[in-house]
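This document opens with one chain alone, in C-alpha cells, the form predicted alone.
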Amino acid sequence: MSDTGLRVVWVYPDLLSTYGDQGNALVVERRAQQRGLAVQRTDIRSDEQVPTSADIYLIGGGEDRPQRLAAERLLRDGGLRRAVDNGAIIFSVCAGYQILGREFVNDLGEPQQGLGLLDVVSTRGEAERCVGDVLADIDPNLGLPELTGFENHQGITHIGPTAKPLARVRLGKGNGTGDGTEGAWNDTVFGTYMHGPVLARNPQIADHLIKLALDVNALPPVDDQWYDALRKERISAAVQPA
C-alpha cells in the first residue's frame, strides 16, 4: 500500500462489466474505508494502459466478443503481468477468470491465448448452460466461510497442477467439469464464475484481498448487518428455491 492509501483498479469496465461485477470494486472500496483506510480507486478503460503499481485489481464478466478484445489488449499491454510480478492481488469473475488462464475459446470458436496468470484452460461446454445459485465450501487454507453466488456461463474450466480450486460446490455446477470444483486460485491471483456481485454476497473475500494487500492477518471489525442479511437471504433462497 502506498502513502496515498490502498490502490484499487477496476479493469476494463467498458468491456468487462456485463453482470454488475463492478459492485466488487465498490465493496472492496467500502470495506477498506470502513477500516479508516484511504482508498485510491481507478477505473481503467480498454484504451488506457493498465498501471502496474496498484494493490488490488478487479476484473468482471463480459460477452464473448468483448472478452476476446479484452484478452488481446491485456496481452499487448502487459500491465497485469507486471503487477502480479510486483506482488499485486487480482480477483476475477467469469470472462475475466477465463482471461487469466492459459487459454479459452473465443467468440470465433477458436482457442484464444490468455494471460497465463492462473493454470487453467477453458473450453466451451456442449451441455446445458450453467445457470443458477451456487453454494460451495471455500478452500480451507483460505479460512473463509461458504461461498454463495450466481453462475451464468457456458464455459468449462479445467484446473492445472499449479492452481488450486477456490471452492468445492454443494449446489450448482462451478467450473462445469463435473469434479465439483469452482474457481481457482494461486498465491495472490483468484478466479471464480460467481456473480452476485460475489463480494457483496461474500464480504469476507473482500476482506481477505485487503489483508493480503496490507500484509496483515486481521482487520478491525465492521458492521456486517447488511451483508449478513443478504447472505442469509440468498443462501436460504438457494437451499429452498421457490
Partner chain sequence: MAGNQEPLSPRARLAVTAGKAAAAVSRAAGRGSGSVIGGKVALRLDPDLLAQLAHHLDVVLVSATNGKTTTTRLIAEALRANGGVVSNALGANMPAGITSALAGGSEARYGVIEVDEKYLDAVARDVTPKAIALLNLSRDQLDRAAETRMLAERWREALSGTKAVVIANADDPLVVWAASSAPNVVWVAAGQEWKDDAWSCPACGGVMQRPDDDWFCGECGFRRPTPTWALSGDEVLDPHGSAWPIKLQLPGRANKANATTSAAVAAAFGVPPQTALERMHSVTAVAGRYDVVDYLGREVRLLLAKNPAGWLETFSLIDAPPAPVILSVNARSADGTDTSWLWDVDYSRLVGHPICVIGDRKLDLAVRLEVAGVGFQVCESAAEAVAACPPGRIEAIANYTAFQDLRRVVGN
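Numbering follows the first chain given and starts at 1. Because the structure is a prediction, the values reported are computed rather than measured.
The discussion below concerns the form predicted together with its partner chain, not included here.
Peer 1: Should Arg30 be classed as touching its partner chain in the model of the complex when contacts are defined as heavy atoms within 4.5 Å?
Peer 2: Contact check for Arg30: yes, within 4.5 Å of its partner chain in the model of the complex.
Peer 1: Mark Val9 yes when one of its heavy atoms lies within 4.5 Å of a heavy atom of its partner chain in the model of the complex, and no otherwise.
Peer 2: So Val9 does not count as contacting its partner chain.
Peer 1: Check whether Asn152 has any heavy atom within 4.5 Å of a heavy atom of its partner chain in the model of the complex, and answer yes or no.
Peer 2: Contact with its partner chain, yes.
Peer 1: Decide whether His208 counts as a contact residue for its partner chain in the model of the complex under a heavy atom distance cut-off of 4.5 Å.
Peer 2: No, His208 sits far enough from its partner chain in the model of the complex that none of its heavy atoms falls within 4.5 Å.
Peer 1: Counting non-hydrogen atoms within 4.5 angstroms of its partner chain in the model of the complex, say which of Ala213, Val39, Val50, Leu69 makes the cut.
Peer 2: Answer to the contact question: Leu69.
Peer 1: Would you mind picking out the stretch of 213 to 221, 174 to 182, 50 to 58, 192 to 200 that comes within 4.5 angstroms of its partner chain in the model of the complex, counting non-hydrogen atoms?
Peer 2: That would be stretch 192 to 200.
Peer 1: Going by its partner chain in the model of the complex, which residues of 14 to 43 come within 4.5 Å of it through any heavy atom?
Peer 2: Going through 14 to 43 in order - heavy atoms within 4.5 Å of its partner chain in the model of the complex - the hits are Asp14, Leu15, Ser17, Thr18, Tyr19, Gly20, Gln22, Gly23, Leu26, Val27, Arg30, Gln34.
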